[in-house]
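One chain follows as structure tokens, the form predicted alone.
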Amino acid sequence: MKLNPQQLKEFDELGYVFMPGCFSEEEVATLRAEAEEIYKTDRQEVWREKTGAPRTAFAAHTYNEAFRLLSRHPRLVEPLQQLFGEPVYVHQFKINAKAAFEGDVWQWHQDYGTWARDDGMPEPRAMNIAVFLDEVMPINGPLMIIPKSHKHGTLAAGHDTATTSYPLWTLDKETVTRLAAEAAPPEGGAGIVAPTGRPGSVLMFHGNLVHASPPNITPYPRKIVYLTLCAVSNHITKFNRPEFIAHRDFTPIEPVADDALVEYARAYKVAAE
């Protein structure tokens, strides 16, 4: 799958592209079910909120077949090969939970800020592709982004290790306020957007795009897979974080067949019955 000219223009101008209906409910249902099983495990890759609710599960593609197929899916891999003009590898893979009633905040940050500071990634030639496993609504802790903020480069940040169970390089309130004001439309309105949509929707966004998400205090869970793909020539140079968080296998991805996840989902259903 390739991005069309309009999508390429949107990505350049806004720093993100939203693609509803990228994966079918048949494909997503299996991923959702397997994510829920992974959250029940006592693995080092599964991080939890202070309440004990799941927060994120790292590296599921290394031990779960459905997520391995997703990490190599052409609908996700080919657009990044197109943008970077070279092969890509998996820098990070995580399934963020945002559990009903207990999903905590993700503070305002840029992902490349962490990749550069903690992992020694040379340039922001990596980005996240978010795959919605549940319906993402305005009320259940959606991802919030500041359009055009990627054009400001890598911003100064502080290392917050106290607010939540997962440390982040976060931006101060003054910076977020300034960026949101600059991104606000001339006719009025907020300079922050929250893409919402059905399971199977996909959001691609630049590594320097400023984003966050509020707590989820609703009965509706919000699971999203974040697949971070990096240009092979731009691989990390520091190994400060565990390998299951920042991968050290820079082998170029060989995409699977487009129907690979469908075939797995059908086999999974038969096995379950």
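Treat the numbers as computed from the prediction; the structure is a model and nothing was measured. One-based numbering along the sequence shown.
Another form, the form predicted together with succinic acid, is not on view; read the next lines as being about it.
Contact annotation for D111: at least one heavy atom lies within 4.5 Å of succinic acid in the predicted complex. At least one heavy atom of W106 is located within 4.5 Å of succinic acid in the predicted complex. In the predicted complex, S213 approaches succinic acid with a heavy atom inside 4.5 Å. Proximity of L143 to succinic acid in the predicted complex falls within the 4.5 Å heavy atom cutoff. Across the proposed site, R72, H73 and Y264 without exception lack any heavy atom within 4.5 Å of succinic acid in the predicted complex.
Here the chain stands by itself, but in the predicted complex one stretch of 194 to 202, 76 to 84, 90 to 98, 177 to 185, 90 to 98, has heavy atoms within 4.5 Å of succinic acid. Contact annotation for 221 to 246: residues with any non-hydrogen atom within 4.5 angstroms of succinic acid in the predicted complex are R222, Y226, listed in sequence order.
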